[in-house]
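The data below hold one chain only, encoded as structure tokens and taken in the form predicted on its own.
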Amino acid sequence: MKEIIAATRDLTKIYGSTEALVHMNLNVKRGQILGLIGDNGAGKTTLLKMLAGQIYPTRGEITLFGAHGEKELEKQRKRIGTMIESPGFYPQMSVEGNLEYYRIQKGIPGKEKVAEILKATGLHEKRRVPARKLSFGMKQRLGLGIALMGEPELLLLDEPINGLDPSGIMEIREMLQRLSGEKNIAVILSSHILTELEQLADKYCFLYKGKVLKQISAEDLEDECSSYIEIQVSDPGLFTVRMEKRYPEQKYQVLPDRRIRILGEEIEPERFSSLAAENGIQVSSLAVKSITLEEYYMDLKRGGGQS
């Protein structure tokens, strides 16, 4: 059983009449990558800021590496690397100078650490460039490099792949997977690029308007996002009546534009095209599809979810 290195209990943050985050119960284990999914204002950044100690909860409790209480949490936060909202660096200093500054600030011995991070983040060729002249994507890389300084055991990353090109996204993804797998570092990150989170996270937390809709492992999510058949027919009403009579246990959803989503594992498309033909129903399209992470989240929002 892996150690729980970050946990919250009834964590709540309220600004005036606005509930930024309410009743958040969460735990993250060593080596785990947790993906935070939600619209703007869902509470993702608020959670990361509270874990990092940048803002304080209205109520509830945070535990880091088994410790709680503000004095103990401040000690434990030295074991955390953060990149929240916008990367923090000195714009006039070079990339290498920024990393060297943070190395000294954090009391990390050995200048080779800067070279190691330059290589890991793909910034070696930009090492002498002033930070202010970097592209947005390169600034993201520098922010991530600063977060990695000091061998953190927990990374808190807010949109770390924002602004990166496809090759940069792949490099950062592979780096985070390596840090998780080889160095057993836990990662909590948010991203609007859900296709990337699908390839990276092994646990998800879905947030909406400050509330947790659902938490689920990647393995269980894969089971719930199994394949389905989408069929478009000339007469959905007649088709569903005939389908219920022929296959009474079959689950389905009626969608707009005369489309029907037929759910279940190992469904044979031919049986439904044949059913339509037997009843004089025209089939406009028939395809086997999978529920995407975005569709899953939208379904959770429509249904209210479950925590």
Partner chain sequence: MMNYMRSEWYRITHTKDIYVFTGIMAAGVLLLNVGQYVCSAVIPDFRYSSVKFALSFLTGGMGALFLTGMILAMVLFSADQKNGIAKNAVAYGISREKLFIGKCIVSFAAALISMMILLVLYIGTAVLLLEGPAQPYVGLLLEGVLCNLPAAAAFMILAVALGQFFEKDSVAIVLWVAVYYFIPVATFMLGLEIPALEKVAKWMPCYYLNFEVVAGMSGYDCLWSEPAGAARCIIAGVIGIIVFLTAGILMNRRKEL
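Model, not experiment: these values are computed from the prediction. Residue numbers count along the first chain shown, from 1.
The following text describes the form predicted in complex with the partner chain, which does not appear among the structures shown.
- Across the options 97-105, 116-124, 209-217, 133-141, residues that bring heavy atoms within 4.5 Å of the partner chain in the predicted bound form belong to 97-105.
- Put simply, residue 194 is far from the partner chain in the predicted bound form: not one heavy atom of it is within 4.5 Å.
- By the criterion of a heavy atom within 4.5 Å, residue 78 is counted among the residues contacting the partner chain in the predicted bound form.
- When the partner chain is considered in the predicted bound form, residue 181 lies well away from it, no heavy atom lying within 4.5 Å.
- Proximity of residue 264 to the partner chain in the predicted bound form: non-hydrogen atoms within 4.5 Å are absent; the residue sits far from the partner.
- For the residues 91, 110, 166, 237, the 4.5 Å heavy atom test against the partner chain in the predicted bound form is passed only by 91.
- Out of the listed residues 53, 60, 269, 41, 53 is the one that sits within 4.5 Å of the partner chain in the predicted bound form by at least one heavy atom.
- Residues of 6-22 placing a heavy atom within 4.5 Å of the partner chain in the predicted bound form, in sequence order: 13, 15.
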